[in-house]
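Presented as structure tokens, the chain that follows is alone, the form predicted alone.
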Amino acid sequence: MIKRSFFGLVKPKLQYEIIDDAQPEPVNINASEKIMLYIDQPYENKANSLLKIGDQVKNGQKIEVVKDADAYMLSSKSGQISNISSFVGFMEKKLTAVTIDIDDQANQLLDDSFKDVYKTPSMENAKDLLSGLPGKPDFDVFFHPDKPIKSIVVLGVDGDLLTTTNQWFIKNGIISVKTGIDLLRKITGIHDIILIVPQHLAQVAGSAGATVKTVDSEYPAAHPQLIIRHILADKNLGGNDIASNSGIAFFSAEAVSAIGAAYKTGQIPLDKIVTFISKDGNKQLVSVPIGTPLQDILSQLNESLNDGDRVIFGGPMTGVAVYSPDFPVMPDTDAIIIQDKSQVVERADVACINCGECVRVCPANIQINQLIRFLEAGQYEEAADQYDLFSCIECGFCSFVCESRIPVFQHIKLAKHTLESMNAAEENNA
């Protein structure tokens, strides 16, 4: 809920969702006929691809486009590959889409790759076989000798509004989170692990075997860069940019819980906990195999999707609209929002009225009202040089409060993407 000052002198406030003590267990949703996996690797050279249509796939099997690639997915079902194609994701990201037709009779067949190594936990087999876990743990950060990791931060908070996935794991699965924390210490050799939770879950989090720190309920206090700036300031990390802050690795509570479950049982958990928000605003947690198409979730929850309705993967502040009921649940999908067409607020092509709301709420103290003028004109380099484009933490608050309904957040994302692409092209040419 947003709270505004009557006189407009105090910045409006948004509050994170607080998990209810009586919240029920997640509703189990199953994929009916197929799953779809989006691999962060372009499908360019079919001759060199490890994937072929007709290949049999086992539950938990590593699906990679080329041999020894860092990017891969884990199949949550057994079946047969029926389609392999190129897919262009958000901000022109080139992906490979792999469709697997589910074979119910073969679905109990489990891939043995992880079972062969789970009794000897290591960072190598974690990176090689567990990067596709729910919560999408990033093990790559531990393989850069020039940027050693000194601390691990486990996020028991949710990054966007309305979502409660990580809170649920702290509230209902603290034992599995503790197991995961112990495993992370063992495979990384890092003993400084900090668990970040909302204030109301501090007592529960105390049994996780990590240093517990709390964040406010005011959005976007749980953003990783703000956690670095405010909560971890005593660690003398220097700077607010995560990319330059090589001393910290971030993991979600869900990912840590999945790591613990995998090494404890020898089986890879591949069901994702997602907050589903229906058209009427009803919120419920669902447990969904990774790769399950949206249509299966809608069907099993009796939710209709009509022309003009909007589907958002992610929270209301930073989520991304998708345009097909076949779009699948990904390892980092924490929320799905269905908006009735009558609730969709159209963005307007109206100039900034200089009301100052965006400046007032910006946690990075950027002069958004000036920045947006350069962005709308496509002057991205000037925006970066003169108005701190890359200081933006991408919380989306500016778009939310904009009186002119300018999609400021999307302008910023596009500008960053464009500049990064230009720099990459220049480096390749050089």
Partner chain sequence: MGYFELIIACVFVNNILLAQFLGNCPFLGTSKKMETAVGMAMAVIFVLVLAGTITWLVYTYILVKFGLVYLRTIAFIVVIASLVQFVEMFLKKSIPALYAGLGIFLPLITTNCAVMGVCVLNIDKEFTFLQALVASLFYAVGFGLALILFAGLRERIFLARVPKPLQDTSIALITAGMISLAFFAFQGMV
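Numbering follows the first chain given and starts at 1. Just so it is clear, the model here is predicted, and its values are computed rather than measured.
One more form of this protein, predicted in complex with the partner chain, exists but is not displayed; see below.
Q: Go through Q56, Q379, S49, N30 and name the one with a heavy atom inside 4.5 Å of the partner chain in the predicted bound form.
A: Result of the distance check: Q379.
Q: Only one of 142-150, 192-200, 125-133, 350-358 gets a heavy atom within 4.5 Å of the partner chain in the predicted bound form; which is it?
A: In short, 350-358.
Q: Is Y38 close to the partner chain in the predicted bound form, meaning a heavy atom pair under 4.5 Å apart or at it?
A: No, Y38 is distant from the partner.
Q: Is F374 part of the interface with the partner chain in the predicted bound form - any heavy atom within 4.5 Å?
A: Taking the distances in the predicted bound form, the answer for F374 is yes, it comes within 4.5 Å of the partner chain.
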